[in-house]
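Below: one protein chain in two forms, given as structure tokens, structure 1 then structure 2.
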Structure 1
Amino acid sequence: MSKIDQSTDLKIKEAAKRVFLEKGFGGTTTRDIAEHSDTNIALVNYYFRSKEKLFQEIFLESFAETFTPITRILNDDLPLEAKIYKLVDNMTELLKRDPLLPMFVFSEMRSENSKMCDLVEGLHKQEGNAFITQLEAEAAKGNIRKIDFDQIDISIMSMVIFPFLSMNVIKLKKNLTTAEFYKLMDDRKKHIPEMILTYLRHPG
């Protein structure tokens, strides 16, 4: 055993997360999970009742894992510039640790009638975006340009998350090793905030 006497349910859950993140719900079989967790298919159902229940548990946790840090930092009490730098830095580090996380979350929410959309709809009741409020305040003070700040929000998320969603295409197109790709992502920690801030600070 690698980890000292890890409980069976945790062993299964961790293995399931690994497999689900790589192959999605449809591409994963209960037997996959059993093998990767060094257990058997009966145990998977014994602890989690069904493949679907296990999946939902992992999906919800992955959803939270992705968006909780973002929400937390956006609601931090920090000056605009520091907040953007921190957001991009933290998210990049999170995604470097878990590069398959966003594809897992977004791909399971791809279609309007996906069960995961309904599942998520319940919990995410608009917690009042402090970031956009902050941008509006700065705009009122004349520090940044006045625009639709939802666009800024979306653009930051796009520039941080998209490269990880398209990792393999980027690696192919730009002929990069994994290490080189990660270096590129590190460079974006400076590039993205600079781009956003330069845009915000220069009037249209």
Structure 2
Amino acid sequence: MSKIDQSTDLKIKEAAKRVFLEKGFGGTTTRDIAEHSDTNIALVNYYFRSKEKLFQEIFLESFAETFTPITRILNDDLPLEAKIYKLVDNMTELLKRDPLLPMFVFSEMRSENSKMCDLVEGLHKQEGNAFITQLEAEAAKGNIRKIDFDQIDISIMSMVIFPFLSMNVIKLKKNLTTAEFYKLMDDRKKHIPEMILTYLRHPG
């Protein structure tokens, strides 16, 4: 593919990502994508064949960039405490680089008939269970309370991701610049693992 083709491909993809984020899959038309990318419907269809194919490609890239590193860390051969710190740090740095990623992914999750649901189900099967085994082993030793993996997973994900989803509100409420907001998120890299580990170590 030539440089011109790559430029057009990227322009369409970036425009589509913005429109999907704003309107969701169902509310977006190929015409919307063409207008936002300053191209035309024929070009959008030439490069991606259909709105469905374009959405799938963007989502898979966003999902892989967001969640594949997380799965890798969960399956790393690291002590539990180090794994939780590394997980929070990795997620925070990823979201600092592109805070729109979770907004794009989760905006589609609100729709029961989302095209994304089938994609998530397929990709979710690829996750390992090393972290689950680790939690169970530590609980069996009496080092932590017995806990459902899903509860820890949801807690960490929400504690890291929610501030980025509400970044503009937090910046306005606290009168923060973007740099100051990111400094606040850097501070949370320490506080979130401490809160999770304190809970796990509490006898319950």
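Take the two forms, superpose them, and find the largest set of C-alpha atoms that agree within 1.5 Å; that set is the rigid core. Counting starts at 1 with the first residue of structure 1 and goes up one by one along its sequence. Not measured: the values here are computed from a predicted model.
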Task: Number of the structure representing the form predicted on its own - done: 2
Open item on the list: Met159: after superposing the rigid core, is there a C-alpha shift of 2 Å or more between the two structures?
Closed with: no
Open item on the list: If I superpose the two forms on their rigid core, does the C-alpha of Asp186 end up displaced by 2 Å or more between the two structures?
Closed with: no
TODO: Align both forms on the core first, then report whether His36 has a C-alpha shift of 2 Å or more between the two structures.
DONE: yes
TODO: Superpose the two forms on the rigid core, then give the C-alpha shift of Ile147 between the two structures in Å.
DONE: 2.5
- [ ] Just grab the Cα shift of Gly27 between the two structures for me, core aligned, in angstrom.
- [x] 8.7
